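Before any questions on binding or motion, here is one chain by itself as structure tokens, the form predicted alone.
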Amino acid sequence: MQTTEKTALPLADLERIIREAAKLMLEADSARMHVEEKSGTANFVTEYDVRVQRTLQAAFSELLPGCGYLAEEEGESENAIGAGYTFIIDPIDGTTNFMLGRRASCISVALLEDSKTVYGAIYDPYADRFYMATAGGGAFCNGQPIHVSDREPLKGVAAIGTAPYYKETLSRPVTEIIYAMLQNFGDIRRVGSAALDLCDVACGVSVAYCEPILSPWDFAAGRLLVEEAGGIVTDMHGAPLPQDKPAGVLAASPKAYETLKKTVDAAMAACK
């Protein structure tokens, strides 16, 4: 397992904890799954989201006593990002996929030290792919280095997130972005998990990814993965992503970023 002298993070322990929590996803019984709907359209939470989060937080608190949390379920805003360690957690990214048995869901964990992201991990237990990056230490999948694609946009695929929780305000912009992407990229894909979409950019499966709005737990780990794999990640305006509030996300290889940015700018302008 890779280590980093700069932060001396317990990387093996972090991976062990995340893999152990993911066993709850693999053991899930869809016939007995308790599902609740949150605010927004088709925004669901299952008992497994809560159980995975509780499992992660208990283990992380034992590993790094005094750490804070910004997490999707249960008290998501109770700890501000600041001095010391803060975990940003999405216990199951792709909850709708998880509910439907589509096997395209994952655990996403970012770790901040004094407000700087120093570690990001995304684990897909169905494919047994553990993506990990440390600040300045590169990006890896199952211990092997990963890099963004060097394909030209028209020879690669771009991923799109449809922001389904915001249909009333974003259906038109998303439709325009999809149309524009089809003109400027080889094809498009829709996975249903922002974290896995960012992994696809980091390892070169996709050349670009866009979603008009995401929460920090959706993109915190994936942002570090893409950047450490040689890619570019910004908000929809080309500015750095915030750490503690929702934002639109653009992620791409250096060869594809400008095409992605111009494509999205043109699509958004068409909505005015």
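Remember, predicted model here, so these are calculated numbers, not experimental data. In case it trips you up, residue 1 is the first one in the sequence shown, and so on.
Unshown form predicted in complex with a small molecule; subsequent notes refer to it.
* Report yes if all three of Met132, Asp200 and Gly230 come within 4.5 Å of the small molecule in the predicted complex by some heavy atom, otherwise no. => Verified in the predicted complex; spot residues all out of contact, no.
* Looking at Cys67, Val205, Ala28, Ile213, which has any heavy atom no more than 4.5 Å from the small molecule in the predicted complex? -> Spelling it out, the residue with a heavy atom inside the cut-off is Ile213.
* Of these, Ile92, Val148, Val109, Ala158, which has a heavy atom no more than 4.5 Å from the small molecule in the predicted complex? -> Answer to the contact question: Ile92.
* Non-hydrogen atom contact Gly137 with the small molecule in the predicted complex at 4.5 angstroms -> Although the small molecule is absent here, Gly137 would stay clear of it in the predicted complex, with no heavy atoms inside 4.5 Å.
* Asked: Any of the heavy atoms of Tyr126 lying within 4.5 Å of the small molecule in the predicted complex?
  -> Outside the cut-off, so no.
* Evaluate Asn184 for contact with the small molecule in the predicted complex, applying a 4.5 angstroms cut-off between non-hydrogen atoms, and reply yes or no. => Asn184 lies outside the contact set for the small molecule.
* Is Ala194 one of the residues lying within 4.5 Å of the small molecule in the predicted complex, judged by heavy atom distances? -> Output for Ala194 is yes: heavy atoms within 4.5 Å of the small molecule.
* Asked: With the partner removed from view, which of 184-192, 148-156, 170-178, 115-123 is the stretch that lies within 4.5 Å of the small molecule in the predicted complex, judged by heavy atom distances?
  -> Of the stretches listed, the one contacting the partner is 184-192.
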